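First, one chain by itself in structure tokens, the form predicted alone.
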Amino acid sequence: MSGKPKLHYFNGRGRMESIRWLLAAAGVEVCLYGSLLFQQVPMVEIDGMKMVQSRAIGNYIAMKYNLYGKDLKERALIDMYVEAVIDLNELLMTHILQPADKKEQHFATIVDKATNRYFPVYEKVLKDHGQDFLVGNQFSRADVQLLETLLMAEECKPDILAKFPLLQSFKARISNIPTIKKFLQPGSQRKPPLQEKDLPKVMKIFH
């Protein structure tokens, strides 16, 4: 029943990347498999279970490795912050999939929603909370998923955090947590952004 979790997904970011981030944050080594089961959704073998559905997997990992707050109230806040991050993450992840004539508008939508809807909220949370982390005073799933999305947003637009000094400090602080720092190094199991040249191969896998 013990042993390394096994991750089944294609060799790219997709919906498995947030799960890789969480496991890395917890300092957990994993085994990677290129196979896709259960109709092309991420599947994780852990503790004798074969888990699908990204949110369910993320919740389980967060609970198992103490990344889910200390009580029900903190878990509710973590869920709230994570759900909003997932919405922005989806926008960022699907940008490369847009047709050429829609890319410019999609990019504008990303920048608008990131800088006018999502980032101001997290900037205010950090200011009002006055702690190093989003929830309570300990590292949680919310911090992991927000950092992942901030870095993806900067890949899309390098100066996207220019007006958000607390988010910039948060990014630097969370990036220096030892398990995260290790995951951000070359040679880790973090996947690079999807490239245009890889699209045909990816589309073939999923369709």
Partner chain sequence: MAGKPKLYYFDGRGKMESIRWLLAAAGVEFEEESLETREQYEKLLQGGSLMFQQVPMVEIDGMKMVQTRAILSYVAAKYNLYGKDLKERALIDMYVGGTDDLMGFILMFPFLSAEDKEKQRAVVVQKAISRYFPAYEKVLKDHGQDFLVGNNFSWADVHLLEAILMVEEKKSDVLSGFPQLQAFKARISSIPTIKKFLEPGSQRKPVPDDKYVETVRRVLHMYYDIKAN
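Positions refer to the first chain, counted from 1. Note that the coordinates shown come from a computational prediction; the quantities given were computed from them, not determined experimentally.
What comes next is about the form predicted together with the partner chain, which does not appear here.
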{"query": "Stretch in contact, per heavy atom within 4.5 angstroms of the partner chain in the predicted complex, of 66-74, 151-159, 171-179, 22-30", "finding": "66-74"}
{"query": "Every residue of 89, 111 and 183 near the partner chain in the predicted complex, heavy atom within 4.5 Å", "finding": "no"}
{"query": "Touches the partner chain in the predicted complex: residue 138 (any heavy atom, 4.5 Å)", "finding": "no"}
{"query": "Non-hydrogen atom contact residue 163 with the partner chain in the predicted complex at 4.5 angstroms", "finding": "no"}
{"query": "Distance check, residue 104 to the partner chain in the predicted complex, heavy atom within 4.5 Å", "finding": "no"}
{"query": "4.5 angstroms heavy atom contact with the partner chain in the predicted complex for residue 117", "finding": "yes"}
{"query": "Neighbours of the partner chain in the predicted complex among 74-89 [non-hydrogen atom within 4.5 angstroms]", "finding": "75, 76, 79, 80, 81, 83, 84, 87"}
